[in-house]
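Below are two forms of the same protein chain, given as structure tokens: structure 1, then structure 2.
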Structure 1
């Protein structure tokens, strides 16, 4: 699609600046090598894995390791590019000049300028690097495949390769000796390749392809132990739920393709992300089209990123091996939806009118999800499910942040969350490895002594997740809360609107998160051991990745200290935002919230409140009750749910997961598979096919009828009569001769006469 980019000579005014360039460092232009490495290792493992000494694992680790190194180098190249690149910028020629909404356009331009000055203090834009080749052509249009490298994709490359590498290493121990060890690594590689392709996608078609591919990897890995039906059920559920969302993606991408095409000269569509965003940002697309497209894409986000009400597959996905849960269902794939919003932010920003509003679809979905996830995390016995619901809740946080316009905060939260959540998942795997179960209530407890490393890293991860300073989660969560712009206590925090409701939701979630993590930590590591077998700490291939992730969980938050944070020099503030947030034609003009000390303090107090409440219940009351009972308890014998009807009701509702599973599996899927399909099939067999058969039968029957009743009627009648008459004579021959010939002759003469009569009348 490169032909409709006009690469301007200099800062020419022809066309709209896209904020992308085809120049830049070699590493940036050739970022496609990064996904290629694991893709090759996938093929290698698939075909030769079983014959290798380590059954293919070494190939996967090498490839992902190399990809990680390249990702780091790419990141370094990006730092340089972001600050020092002054190359040519691609411009976009637009179909007809009258399409320019003049006023709107100039407004945007003005805002844009202000905003760049305000935000980054650099005179030039951060040009993303785009490099494409033709993939295929249809309808005379070349569709391309390529890379769009900017801060967002570089950040994602780093996160994905790092966590993937750690998970690979971890897995060599965790799934060692598994029945399908080689296949496991093959799919890990394929997943890494797909996810990396997704994050560098230059266009929505490529994104869609990668999106589906990560979905199928997830399917394969959730169903890794497919001999057991629950696992394959979970895999199916994940895939199907994602398909529902993909439908939205298909439609959304299609709408964008043609809408963009309608304003471009000489082409009827474009998949290019940069072009789509730019056109949307410049007000060239109809609001309706953008709104519909954004709503459709939201469906995709809801399924992939586990947003309410398509989140139900994610907890079930925990049927897969734990490292997979860490990699795919916590740190990387599930954030693909969030990433997609961030990528196509121009579309969402305009389509959902995020600026200057106080509520919109995305923010609401995020807000509800975050509450639903957090509340459901409370009632889980399975440690992975606690983390799964927590993931849902945190993804809700990110979507909420994007919904209120806090782009950087959302992406930053994605970044920090990846580390601490991966850390927690791998930690839970380490625990489960020791006790061979994920059930906190029946098989865990008191494990802090036996598994010190796991315990410590888990605690670090939990604190980071709960959002206590100065660990990673605090900074990103706080940025989101500030970004809602709803903190009006001391005059608001700016931002894109007054999303007070979202702020409240975020606050409540913060408290709930702190509380359920406290519960989880208590049930797992405190009290007395309730399971069986001898506990032991996991080996180095498990522990080292845990510590690395824990390390990141501690420091990641420091990458984006708030602007105006008085305790550090200016050059340490907002580094993440500076390098990751695009300042370019393809990125919408968003307003940035002002960090607020008061908000930070209040939110911290709320988190502490949550921790305290849970601590009081578990560490004090339950612990005491356990001692009294002489065994390790998991809750109070007369807990609130047995005492108060309302609490019981709520518990029941949560226990049944708000009945959503029932709705989907029982009513929708069951209804389609059962009655609806049966009715359709019956219709097919009885109505359509029946009609066909009946037409056939009728033809045959009418043949019979004609034969019996017309062809032989006169004959038969005559035969019967003559038969009676001639029965004495007994001659077969006579009967036939006399009877039939007479009647035949009668027909002959009659027909001739009738025909003649008719024709004489007609003619």
Structure 2
């Protein structure tokens, strides 16, 4: 109770409440146990795994399974907390909001206090649960570590633990007998623990630590078979590319820390995510600081979530085991960037001026990425790389949605995408497990009869990805398109701006996605088998996870049916948004688009157009050419690329991946290792070493001069001369020493006389 007021009062000098409580159920306050279980599993497997019956796999599965159960229970606790929280903190939060409104604040702040979208009449803010302890203290600043649990983090806990559990089970078959089986499961557990830590992080410093742990684990797992140079190269490429973007994360977090400290009383700075968002939402931070911070953080998103032009590491990361690819693309690593935008949305929303605009950096990056990824998927012959570029495209969709203000649509697409993309990746692993290859053109084809379960689940995942109703991808994709606010025909939409360009990009991507997935299905499962050996269906440890994921790909879209959807009761509508979107001080006030039947129909027709075009080319033209040639073909002998120069030019551009790899590897890296290295070597040899050599030669000549001219002639000459004079004087004195007392007395008398005379003169 006390902690709630401390946090609320420190949010701004106006006492704006954050919408956070230190109360809540035990599960919500102790969500840190969920990532702790796989973290302990990592240590257990590392130290004892090789001596266990299943080489450590059983420990990893048990820990992640327990984490999944706790995640489900935490989700149930959140539902109860969200719907029925009427405790003292809630009443005080409402009272604080009313007091804040009476103080005469800006219209924007009053609107934020009254914000109740998805609240459906409960009449109070959705209080997130925070539980923190002091991590360490430095220069009078208390740095805390703890959990921030709300609908977003609860949703991510469920997704990450479920996908990770299925990947663990799948892996026992897929990598069975691997030379580093125990090592694999150890890092798989740490990978899951790192992502789970990231999604419940209470502050940006804690998020940064988890962010880097995710990167380290992905490096180890992508390079699992490091003896083969392409695999180790892919791991290094992923690691180094992400380090480039992570510099932006460091700078952005630092800017936010000091910016928040400059407006809060009695504090040097704050890493608190809730406090940072709240002061940003209420206009207390400089727009310039927010803009620079948002741009820096976008660099981290571009590298981690594979956004154009830092996406090139993601397809190469397919060098790792397929279950790792599924985990990276569906629930960890690449969605970390999208999650970070969603978590720090107040910073991005205000910094990039998303509300009331028609274009901004985030929306543009997402729009370009979704087109680049979808177009590059067309020319791949490796089934995993098709899916990798598909992930890049879908991540672009999510970033685009966040860039236009469609927060719930973006997060909902992250949710649905996790299931059908994991299903597709694990399905690609199943077919590759049978033919020992990922090459669709050389080693696949005609596999649907021999592998019916893999085929059916892959078809379900493909339809969901293409966005055809009623599967999951349709609902989230359509919500994103509506959220652009660029559609005004026959009612519907609205949103936070008029992002018509983003709507067009999304529509084109929808058609491209349907087309390249139709191509992928044909090359893998239709035509004649082009591989070797006897085909067979995978075992239950592979097939059962596929069916579970396919089931979620069918039903997940029903969790957020649009408002006004007449076929279901009101209580079933927008359930995802109701429980996941924050309604609190740390979340900005955003407008929500209304559904548009005309947009849904047009987008579906566009998807069907993409399917039809690819179907006609492959299932009709290529199939007919194969029968005529008496062999299984994968392309037309006289296809568009051989007939039309423009088509050939475009194909070459796509085949070269827009020359980005050539730019990075050939020009930048090659130039660094080649001409630049040679220039640096020449500069080192001729300038630096030459200067040192000349300084040394000059020092030697100077030393010789000093020795010859000064030491020998001057110093030694003076000493020798002094010696000779002393010797000569001694000789003369020896003459005086005759041994006669009379002579000594005469000399003594003369000396005394001279001395007496001197004294007389002086005195």
Partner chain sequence: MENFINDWGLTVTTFIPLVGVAIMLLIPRAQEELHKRMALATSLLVAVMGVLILTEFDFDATDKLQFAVDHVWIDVINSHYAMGLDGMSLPLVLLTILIVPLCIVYSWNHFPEPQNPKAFLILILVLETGMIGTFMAQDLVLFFVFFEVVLLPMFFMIAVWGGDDRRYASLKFFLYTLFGSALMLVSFLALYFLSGSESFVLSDLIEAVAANEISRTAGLWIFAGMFLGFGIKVPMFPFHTWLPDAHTQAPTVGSVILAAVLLKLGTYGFIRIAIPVLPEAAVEWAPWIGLLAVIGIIYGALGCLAQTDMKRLIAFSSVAHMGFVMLGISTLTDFGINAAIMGMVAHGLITGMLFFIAGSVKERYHTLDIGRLGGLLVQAPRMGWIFGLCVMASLGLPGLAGFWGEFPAILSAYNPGNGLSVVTFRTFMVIAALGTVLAAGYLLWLLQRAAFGTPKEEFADDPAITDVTKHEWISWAPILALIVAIGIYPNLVFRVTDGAVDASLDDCLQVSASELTPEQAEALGCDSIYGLGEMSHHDEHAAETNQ
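No experiment lies behind these values; they were computed from the predicted model shown. C-alpha atoms forming the largest set that superposes within 1.5 Å between two forms make up the rigid core. Positions refer to the first chain, counted from 1.
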Report task. Kindly point out the structure, among the two, that is the form predicted together with the partner chain. Result -> 1
Query raised in the report: C-alpha of residue 247: shift of 2 angstroms or more between structure 1 and structure 2, rigid core aligned?
Result: no
Query raised in the report: When you overlay the rigid core, is the Cα of residue 686 off by 2 Å or more between structure 1 and structure 2?
Result: yes
Query - Core superposition between structure 1 and structure 2, C-alpha change of residue 698 at least 2 Å - result: yes
